[in-house]
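Taking the form predicted on its own, here's one chain by itself in structure tokens.
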């Protein structure tokens, strides 16, 4: 038997296991997926937990619920990848050989990279919401918090779901307004970017939204350390922002497996061809999702769209023919703006977010670069789509390539 090995049973790995199982059934190809964690987390749902909209049970399911029959599943800890030997070594000593390897090991937060981040105030007055434990701890904190300076800080880029920090501060504005204490909470959005978002056009519109909600933007702030004693964050150029509650988006890095295997860049992301999704160094290794260094958002939509490209190119590789699919960096993100409304952006490597309708030209039902209730409903509906359609590799009525139809170019 020839072997396809998938490392990681998160969003990307699970989608690929489903797609490949359907197409390679009753062939000479054997598919194995390896992960250490048995629980699948719906990570976009972490945002809702601090504000009491979701609980832990709303965002977790067993990974085995989504891995298809016929795919060998191994729950064990990976030690390293020996790319020159086409094998993966496990911590328990087992070795798995492969003909093709799909790396879907994702990204992780590393708060320990920032001096003082994991100090005495961690999960007391300093929180993250990119982990389930952090989101739950923050929900408990907000239940009795009396107000003060609420500071959200992005330590560095890239991060998972770049719009999530924006959503958080706008949710916070709505949450404290509805509790009758918005006048007691000063919200600060502190970012290393020069504006609210990475794309200039969207950054201007989203920045205006923050200003309308009386959220203070502090740009070009490169975090150097967290001062627990004086409750402030300090940048490399010695600017200081005091806090009563700090919401941190810590430094992100790729998997430690990638680091131990010598396959990553200085942030442990795998150097990957942004069009074919094949490793720059090894022709039989492909990368999907947050594990790669491709220049687009580390977001679930990117995994979804790139999975179609990877699926086609793996078949090209198997059949020894040139790649016929090319990923254009397509990403779209629903952005919760509070009070039952949301925005939506759609972009790729070359095209900034544009106004218009999505996914159907002239019809929508979702509006691009504007606040609507329908966009909010789209965000909520997506959780069902994620569990029942996306993870299972089923078709959706959205092209993997960005479509300019229905968008206003001027």
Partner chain sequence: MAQKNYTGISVEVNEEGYFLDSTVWTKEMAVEIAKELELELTDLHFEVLNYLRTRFNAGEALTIRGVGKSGVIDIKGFYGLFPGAPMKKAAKIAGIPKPASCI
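Residue numbers count along the first chain shown, from 1. Please read these numbers as outputs of a predicted model, since none were measured by experiment.
What comes next is about the form predicted in complex with its partner chain, which does not appear here.
*Asks:* Select, from the options 294-302, 81-89, 173-181, 100-108, the stretch whose residues sit within 4.5 angstroms of its partner chain in the predicted bound form by heavy atom distance.
*Replies:* Of the stretches listed, the one contacting the partner is 294-302.
*Asks:* Which one, 94, 244, 220, 133, lies within 4.5 Å of its partner chain in the predicted bound form by heavy atoms?
*Replies:* Here the answer is residue option 220.
*Asks:* So which of 116, 162, 207, 338 gets a non-hydrogen atom within 4.5 Å of its partner chain in the predicted bound form?
*Replies:* Filtering the options by heavy-atom distance leaves 162.
*Asks:* Although the partner isn't part of this model, could you tell me whether residue 188 comes within 4.5 Å of its partner chain in the predicted bound form, counting any heavy atom of the residue?
*Replies:* Output for residue 188 is no: heavy atoms all beyond 4.5 Å of its partner chain.
*Asks:* Just checking whether residue 267 would be counted as a contact of its partner chain in the predicted bound form - the rule being heavy atoms within 4.5 angstroms.
*Replies:* Residue-level check for residue 267: yes, a contact with its partner chain.
*Asks:* How about residue 283 - does it come within 4.5 Å of its partner chain in the predicted bound form, if we only consider non-hydrogen atoms?
*Replies:* Output for residue 283 is no: heavy atoms all beyond 4.5 Å of its partner chain.
*Asks:* Check residue 215 for me: does it contact its partner chain in the predicted bound form (non-hydrogen atoms, 4.5 angstroms)?
*Replies:* Residue 215: no, not in contact with its partner chain in the predicted bound form.
*Asks:* For the heavy atom contacts within 4.5 Å of its partner chain in the predicted bound form, list the residues of 59-79 involved, in sequence order.
*Replies:* Counting only heavy atoms within 4.5 Å of its partner chain in the predicted bound form, no residue of 59-79 makes contact.
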